[in-house]
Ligand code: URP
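First comes one chain, alone, set out as structure tokens in the form predicted on its own.
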């Protein structure tokens, strides 16, 4: 064995037990008590610590040209992710009008492959469904190991939006070949109308961002997407769900037997739109926006009851200078915030306070995403033959969040000053230690593209 982790408490989505974990060639090859390490084998003493599957973030935007600027690059974000216990991300290859999905994937991989510090995969953002080449390529893309797609019900001005007919047809075809369609669900016509109204009235303050996207604009769009998925007998995934209305639509859809999953993100559990009224409120603008406390509580309930089975961060990191591009007009704010590095420790701290088991935490931050997106059991669990993507987690370590201590190059963080109990002591990617005590010690380009199986389910 190349590496043995000894004396830790192994925690998966379904089991908790004390065992050593043996690793060879990037894979887990032994799990048991008192594993013997031969001379030359690296040994990690995890006494008093948990050994968790590496966290998986299925919703990340690195180097995304958006809102007049570009989010932080692949290396910066994935090194930061590693420090926080994330070992796999799924980014997006967003198609430009007139280009093929295959071209889009090649270009995205060329940008990422030499930079990623952890393993990654891609969703394809379909923006040109009516192009027959897109439809012809869909089964080939699924077969190549990318079985998930994203379609936008908004962003008409950016050329990303798909109409209802596009979404319905894509749901039908993707299901035929084992693919899943994700949607950014907001009502484009209402949000555009309200945005134009507030701009005309010269109401430019950040809080107007929330007013242009009231809860019903998400709830209605999610309900519409579920209706289309039900009619198409398709497989639907709602990205970054934020509202109690959206949650209710998903809950009712599941009761009817619709194949629908919905993720939420930490910012929608922890932050509220009161932040928009602060002097630096524009830093917190995301799309969809953060909501009311009642929505946060509803989403927590949705996770506890099993309506929401997994999470992503929707990380799209813009620094203070980039956020300043808004120049006092809410409609020009670069939407997005950092979230990778704090994802696991934030959720651990919150879940312990809510009385969750660590098994449940592993499920929503790793295992369920691995199953939904065709990575399981290669990723998302601790088992013989699985990739040795592991987090040695110290449940007692106390950390106060500060941009200065984080590995992210971003000069602000939405949770600055928050006090956490529990933090990754070590992150291991395919058997290699890539972070220690919150510091990245890996290398640029270590990460690999991971092809995924079609049509994962829980």
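Note that this is a predicted model, so its numbers are computed, not measured. Numbering follows the first chain given and starts at 1.
There is also a form predicted in complex with the ligand; it is not shown, and the following applies to it.
- In the predicted bound form, no residue of the candidate spot (56, 123 and 237) has a heavy atom lying within 4.5 Å of the ligand.
- The stretch that touches the ligand in the predicted bound form, counting heavy atoms within 4.5 Å, is 312 to 320, out of 312 to 320, 162 to 170, 352 to 360, 366 to 374.
- Interface residue among 206, 286, 95, 80 relative to the ligand in the predicted bound form, by the heavy atom within 4.5 Å criterion: 286.
- Proximity to the ligand in the predicted bound form, taken as a non-hydrogen atom within 4.5 angstroms, holds for one residue of 213, 282, 150, 244, which is 150.
- A residue is said to contact a partner when one of its heavy atoms sits within 4.5 Å of a partner heavy atom; residue 129 fails this definition for the ligand in the predicted bound form, lying far away.
- Within 4.5 Å of any heavy atom of the ligand in the predicted bound form lies no heavy atom of residue 412.
- Using a 4.5 angstroms threshold between heavy atoms, residue 180 stays clear of the ligand in the predicted bound form.
- The ligand is not shown here, but in the predicted bound form it comes within 4.5 Å of a heavy atom of residue 61.
- Looking at 321 to 344, the residues that come within 4.5 Å of the ligand in the predicted bound form, counting any heavy atom, are 335, 336.
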